[in-house]
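In C-alpha coordinates, the next block holds one chain alone, the form predicted on its own.
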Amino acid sequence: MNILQYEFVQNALLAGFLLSIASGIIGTLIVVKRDIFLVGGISHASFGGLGIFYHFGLNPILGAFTVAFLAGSTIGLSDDKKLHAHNALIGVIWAFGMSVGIIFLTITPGSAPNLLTYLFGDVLTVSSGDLLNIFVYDLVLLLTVILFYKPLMVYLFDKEFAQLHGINVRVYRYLFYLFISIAIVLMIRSVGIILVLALLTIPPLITMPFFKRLHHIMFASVIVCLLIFTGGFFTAYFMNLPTGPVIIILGTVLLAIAKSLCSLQKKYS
(Lines give C-alpha, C1' and ligand atoms only; values in the text may rest on other atoms or scores of the structure.)
Protein backbone atom coordinates (compact mmCIF):
# COMPACT_ATOMS: atom_id res chain seq x y z
CA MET A 1 0.00 0.00 0.00
CA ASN A 2 3.04 2.30 0.04
CA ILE A 3 2.41 3.08 -3.62
CA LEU A 4 -0.61 5.17 -2.59
CA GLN A 5 1.74 7.89 -1.28
CA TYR A 6 2.75 8.81 -4.84
CA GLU A 7 0.81 11.60 -6.50
CA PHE A 8 0.70 9.91 -9.93
CA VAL A 9 -0.88 6.81 -8.35
CA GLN A 10 -3.44 8.95 -6.52
CA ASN A 11 -4.26 10.74 -9.78
CA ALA A 12 -4.62 7.42 -11.59
CA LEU A 13 -7.05 6.00 -9.01
CA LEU A 14 -9.05 9.23 -8.88
CA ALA A 15 -9.20 9.18 -12.69
CA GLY A 16 -10.50 5.62 -12.51
CA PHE A 17 -13.26 6.70 -10.14
CA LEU A 18 -14.30 9.68 -12.28
CA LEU A 19 -14.06 7.75 -15.55
CA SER A 20 -16.17 4.96 -14.06
CA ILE A 21 -19.01 7.45 -13.58
CA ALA A 22 -18.74 8.59 -17.19
CA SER A 23 -18.32 5.07 -18.54
CA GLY A 24 -21.17 3.60 -16.52
CA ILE A 25 -23.66 6.25 -17.60
CA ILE A 26 -22.77 6.96 -21.22
CA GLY A 27 -21.78 3.33 -21.81
CA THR A 28 -25.22 2.18 -20.74
CA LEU A 29 -26.84 4.61 -23.16
CA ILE A 30 -24.58 3.36 -25.97
CA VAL A 31 -25.42 -0.30 -25.37
CA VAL A 32 -29.14 0.36 -24.99
CA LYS A 33 -29.15 2.47 -28.17
CA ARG A 34 -27.07 -0.22 -29.97
CA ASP A 35 -24.61 2.34 -31.32
CA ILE A 36 -21.44 0.43 -30.48
CA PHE A 37 -20.11 0.33 -34.05
CA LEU A 38 -20.70 4.04 -34.56
CA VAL A 39 -18.83 4.80 -31.35
CA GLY A 40 -15.92 2.67 -32.55
CA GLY A 41 -15.81 4.74 -35.72
CA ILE A 42 -15.63 8.00 -33.76
CA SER A 43 -12.92 6.77 -31.39
CA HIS A 44 -10.63 5.41 -34.09
CA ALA A 45 -11.19 8.34 -36.46
CA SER A 46 -9.97 10.66 -33.68
CA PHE A 47 -6.51 9.12 -34.03
CA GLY A 48 -6.20 10.99 -37.33
CA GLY A 49 -6.65 14.32 -35.57
CA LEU A 50 -4.18 13.25 -32.93
CA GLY A 51 -1.49 12.54 -35.53
CA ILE A 52 -2.12 15.75 -37.52
CA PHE A 53 -1.95 17.99 -34.45
CA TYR A 54 1.21 16.29 -33.22
CA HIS A 55 2.85 16.78 -36.63
CA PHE A 56 2.25 20.53 -36.50
CA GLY A 57 3.44 20.86 -32.90
CA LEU A 58 0.00 21.21 -31.33
CA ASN A 59 -1.62 19.34 -28.45
CA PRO A 60 -2.43 15.81 -29.77
CA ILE A 61 -5.35 15.35 -27.39
CA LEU A 62 -6.86 18.58 -28.69
CA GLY A 63 -6.59 17.13 -32.20
CA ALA A 64 -8.35 13.96 -31.11
CA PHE A 65 -11.09 16.05 -29.51
CA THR A 66 -11.49 18.16 -32.65
CA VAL A 67 -12.02 15.14 -34.90
CA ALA A 68 -14.21 13.34 -32.37
CA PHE A 69 -16.32 16.48 -31.91
CA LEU A 70 -16.75 16.93 -35.68
CA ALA A 71 -17.56 13.25 -36.16
CA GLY A 72 -20.04 13.22 -33.29
CA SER A 73 -21.69 16.43 -34.49
CA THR A 74 -21.95 15.11 -38.05
CA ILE A 75 -23.53 11.87 -36.87
CA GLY A 76 -25.88 13.74 -34.54
CA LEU A 77 -27.10 16.01 -37.33
CA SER A 78 -27.38 13.24 -39.93
CA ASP A 79 -30.46 11.27 -40.85
CA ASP A 80 -30.60 8.42 -38.32
CA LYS A 81 -32.06 5.84 -40.74
CA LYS A 82 -29.53 6.54 -43.50
CA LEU A 83 -26.67 6.54 -40.99
CA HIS A 84 -27.40 3.05 -39.71
CA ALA A 85 -27.74 1.77 -43.27
CA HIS A 86 -24.13 2.67 -44.10
CA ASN A 87 -22.05 0.66 -41.65
CA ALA A 88 -19.52 0.04 -44.42
CA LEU A 89 -18.86 3.78 -44.64
CA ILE A 90 -18.29 3.91 -40.89
CA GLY A 91 -15.74 1.11 -41.26
CA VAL A 92 -13.93 3.13 -43.94
CA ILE A 93 -13.84 6.22 -41.70
CA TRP A 94 -12.57 4.00 -38.88
CA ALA A 95 -9.64 2.71 -40.94
CA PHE A 96 -9.00 6.07 -42.64
CA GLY A 97 -8.63 7.94 -39.35
CA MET A 98 -6.18 5.40 -37.98
CA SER A 99 -4.15 5.43 -41.20
CA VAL A 100 -3.94 9.24 -41.34
CA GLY A 101 -2.80 9.39 -37.71
CA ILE A 102 -0.05 6.80 -38.21
CA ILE A 103 1.23 8.51 -41.37
CA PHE A 104 1.46 11.96 -39.78
CA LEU A 105 3.18 10.57 -36.69
CA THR A 106 5.64 8.71 -38.92
CA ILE A 107 6.60 11.69 -41.10
CA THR A 108 7.01 14.04 -38.14
CA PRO A 109 10.70 15.08 -37.86
CA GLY A 110 12.60 13.97 -34.78
CA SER A 111 11.71 11.16 -32.43
CA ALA A 112 8.22 9.83 -33.02
CA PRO A 113 6.03 9.34 -29.94
CA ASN A 114 5.29 5.91 -28.59
CA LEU A 115 2.16 4.85 -30.46
CA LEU A 116 1.26 2.40 -27.70
CA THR A 117 0.68 5.33 -25.34
CA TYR A 118 -2.06 6.67 -27.60
CA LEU A 119 -3.46 3.33 -28.72
CA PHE A 120 -3.54 1.56 -25.34
CA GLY A 121 -3.27 4.50 -22.92
CA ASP A 122 -1.30 5.05 -19.74
CA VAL A 123 -3.37 6.09 -16.76
CA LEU A 124 -0.21 6.99 -14.81
CA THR A 125 0.20 10.04 -17.07
CA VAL A 126 -3.12 11.59 -16.00
CA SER A 127 -2.60 15.15 -14.74
CA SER A 128 -4.57 17.38 -12.39
CA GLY A 129 -5.93 19.22 -15.42
CA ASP A 130 -7.23 15.94 -16.84
CA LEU A 131 -8.97 15.16 -13.56
CA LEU A 132 -10.66 18.56 -13.57
CA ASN A 133 -11.90 18.03 -17.13
CA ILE A 134 -13.31 14.60 -16.27
CA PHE A 135 -14.97 15.97 -13.13
CA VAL A 136 -16.69 18.77 -15.06
CA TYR A 137 -17.82 16.29 -17.71
CA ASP A 138 -19.26 13.94 -15.06
CA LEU A 139 -21.10 16.82 -13.42
CA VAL A 140 -22.66 18.03 -16.67
CA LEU A 141 -23.52 14.46 -17.70
CA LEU A 142 -25.20 13.69 -14.38
CA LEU A 143 -27.23 16.89 -14.42
CA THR A 144 -28.32 16.28 -18.00
CA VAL A 145 -29.41 12.70 -17.32
CA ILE A 146 -31.26 13.67 -14.12
CA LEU A 147 -33.07 16.66 -15.65
CA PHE A 148 -34.02 14.92 -18.92
CA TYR A 149 -34.27 11.32 -17.76
CA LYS A 150 -37.82 10.55 -18.92
CA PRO A 151 -37.62 12.03 -22.45
CA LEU A 152 -34.13 10.55 -22.83
CA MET A 153 -35.43 7.10 -21.92
CA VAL A 154 -38.27 7.43 -24.43
CA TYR A 155 -35.83 8.51 -27.14
CA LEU A 156 -33.51 5.57 -26.48
CA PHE A 157 -36.19 2.91 -26.65
CA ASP A 158 -38.64 4.27 -29.24
CA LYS A 159 -37.79 7.29 -31.44
CA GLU A 160 -41.14 7.21 -33.27
CA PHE A 161 -43.07 7.26 -29.99
CA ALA A 162 -40.87 10.14 -28.80
CA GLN A 163 -41.62 12.15 -31.94
CA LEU A 164 -45.36 11.58 -31.58
CA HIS A 165 -45.19 13.03 -28.05
CA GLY A 166 -43.38 16.18 -29.12
CA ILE A 167 -39.85 15.19 -28.09
CA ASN A 168 -37.22 16.80 -30.33
CA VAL A 169 -35.39 13.64 -31.38
CA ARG A 170 -32.77 15.53 -33.39
CA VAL A 171 -31.67 17.55 -30.35
CA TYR A 172 -31.38 14.46 -28.17
CA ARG A 173 -29.45 12.60 -30.87
CA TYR A 174 -27.01 15.52 -31.23
CA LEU A 175 -26.43 15.75 -27.47
CA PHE A 176 -26.07 11.98 -27.26
CA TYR A 177 -23.22 11.83 -29.77
CA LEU A 178 -21.64 15.00 -28.40
CA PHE A 179 -21.39 13.43 -24.93
CA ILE A 180 -20.01 10.24 -26.49
CA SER A 181 -17.32 12.16 -28.39
CA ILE A 182 -16.14 14.00 -25.29
CA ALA A 183 -16.12 10.80 -23.22
CA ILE A 184 -13.96 9.07 -25.83
CA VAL A 185 -11.32 11.82 -25.73
CA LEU A 186 -11.29 11.91 -21.92
CA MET A 187 -10.61 8.16 -21.83
CA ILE A 188 -7.84 8.13 -24.44
CA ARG A 189 -5.10 8.99 -21.96
CA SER A 190 -6.20 6.23 -19.56
CA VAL A 191 -7.03 3.25 -21.79
CA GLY A 192 -6.18 4.45 -25.30
CA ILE A 193 -8.14 4.74 -28.51
CA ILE A 194 -8.31 1.02 -29.24
CA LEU A 195 -9.57 0.01 -25.79
CA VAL A 196 -11.94 2.90 -25.03
CA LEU A 197 -14.84 1.15 -26.76
CA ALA A 198 -14.41 -1.91 -24.54
CA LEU A 199 -14.39 0.20 -21.36
CA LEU A 200 -17.65 1.85 -22.46
CA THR A 201 -19.47 -1.36 -23.33
CA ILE A 202 -18.23 -4.12 -21.00
CA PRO A 203 -19.72 -2.81 -17.70
CA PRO A 204 -23.27 -2.37 -19.11
CA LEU A 205 -23.09 -5.77 -20.80
CA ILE A 206 -22.22 -7.31 -17.41
CA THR A 207 -25.02 -5.60 -15.51
CA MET A 208 -27.91 -5.60 -18.01
CA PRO A 209 -28.91 -9.27 -17.46
CA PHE A 210 -29.34 -8.61 -13.73
CA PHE A 211 -31.26 -5.31 -13.81
CA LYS A 212 -34.27 -4.07 -15.75
CA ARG A 213 -34.55 -0.34 -15.03
CA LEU A 214 -32.23 2.01 -16.89
CA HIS A 215 -31.03 3.95 -13.85
CA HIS A 216 -30.28 0.70 -12.00
CA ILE A 217 -28.16 -0.48 -14.94
CA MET A 218 -26.29 2.85 -14.96
CA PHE A 219 -25.53 2.72 -11.25
CA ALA A 220 -24.45 -0.93 -11.36
CA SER A 221 -22.29 -0.23 -14.42
CA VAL A 222 -20.49 2.55 -12.55
CA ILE A 223 -19.70 0.14 -9.70
CA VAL A 224 -18.58 -2.63 -12.05
CA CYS A 225 -16.40 -0.25 -14.06
CA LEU A 226 -14.78 1.00 -10.86
CA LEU A 227 -14.03 -2.58 -9.78
CA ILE A 228 -12.59 -3.42 -13.20
CA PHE A 229 -10.46 -0.29 -13.30
CA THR A 230 -9.13 -0.66 -9.74
CA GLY A 231 -8.47 -4.39 -10.06
CA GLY A 232 -6.82 -3.96 -13.44
CA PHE A 233 -4.67 -1.08 -12.22
CA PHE A 234 -3.21 -2.93 -9.22
CA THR A 235 -2.79 -6.14 -11.21
CA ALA A 236 -0.87 -4.27 -13.90
CA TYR A 237 1.20 -2.39 -11.33
CA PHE A 238 2.39 -5.43 -9.42
CA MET A 239 2.91 -7.57 -12.54
CA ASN A 240 4.66 -4.74 -14.40
CA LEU A 241 2.20 -4.85 -17.31
CA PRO A 242 0.51 -2.09 -19.35
CA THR A 243 -2.54 -0.85 -17.46
CA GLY A 244 -5.06 -0.39 -20.29
CA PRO A 245 -4.92 -3.93 -21.73
CA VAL A 246 -5.01 -5.50 -18.25
CA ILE A 247 -8.13 -3.50 -17.37
CA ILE A 248 -9.91 -4.67 -20.52
CA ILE A 249 -8.81 -8.30 -20.07
CA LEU A 250 -10.15 -8.29 -16.50
CA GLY A 251 -13.41 -6.78 -17.72
CA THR A 252 -13.72 -9.40 -20.44
CA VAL A 253 -13.16 -12.21 -17.92
CA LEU A 254 -15.85 -10.78 -15.65
CA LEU A 255 -18.19 -10.48 -18.65
CA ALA A 256 -17.64 -14.15 -19.48
CA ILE A 257 -18.35 -15.11 -15.85
CA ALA A 258 -21.52 -12.99 -15.81
CA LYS A 259 -22.77 -14.59 -19.03
CA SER A 260 -22.06 -18.06 -17.62
CA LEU A 261 -23.99 -17.26 -14.45
CA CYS A 262 -26.94 -16.02 -16.50
CA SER A 263 -26.91 -19.20 -18.58
CA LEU A 264 -26.88 -21.36 -15.45
CA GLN A 265 -29.69 -19.32 -13.90
CA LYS A 266 -31.88 -19.76 -16.97
CA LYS A 267 -31.05 -23.46 -17.16
CA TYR A 268 -32.09 -24.25 -13.59
CA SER A 269 -34.87 -21.72 -13.15
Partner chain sequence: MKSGSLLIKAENLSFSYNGKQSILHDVSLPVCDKDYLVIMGPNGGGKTTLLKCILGLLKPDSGKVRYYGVSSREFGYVPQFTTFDRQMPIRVYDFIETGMINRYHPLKNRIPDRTGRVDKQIERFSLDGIAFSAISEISGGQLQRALLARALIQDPRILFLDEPTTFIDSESRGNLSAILRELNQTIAIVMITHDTSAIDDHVKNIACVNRTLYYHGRDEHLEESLEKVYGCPIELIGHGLPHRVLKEHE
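Remember, it's a predicted structure, so these values are computed and weren't measured experimentally. Numbering follows the first chain given and starts at 1.
The same protein also exists as the form predicted together with its partner chain; that form is not shown, yet it is the one meant from here on.
Given that the partner is absent here, state which listed stretch (223 to 231, 207 to 215, 52 to 60, 65 to 73) has heavy atoms within 4.5 Å of its partner chain in the predicted bound form.
-> One stretch meets the cut-off, namely 207 to 215.
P151 within 4.5 Å of its partner chain in the predicted bound form, heavy atoms = Answer yes; at least one heavy atom of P151 falls within 4.5 Å of its partner chain in the predicted bound form.
Tell me, yes or no, whether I167 is in contact with its partner chain in the predicted bound form, where a contact means a heavy atom of each within 4.5 Å.
-> Close contact exists here: in the predicted bound form, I167 approaches its partner chain to within 4.5 Å, heavy atoms only.
Touches its partner chain in the predicted bound form: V32 (any heavy atom, 4.5 Å) = Residue-level check for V32: yes, a contact with its partner chain.
Would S99 sit within 4.5 Å of its partner chain in the predicted bound form, counting heavy atoms only?
-> No, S99 sits far enough from its partner chain in the predicted bound form that none of its heavy atoms falls within 4.5 Å.
Counting non-hydrogen atoms within 4.5 angstroms of its partner chain in the predicted bound form, say which of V92, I107, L147, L139 makes the cut.
-> For this set of options, the contacting one is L147.
Pick from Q163, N133, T117, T125: which residue has any heavy atom within 4.5 angstroms of its partner chain in the predicted bound form?
-> Answer to the contact question: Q163.
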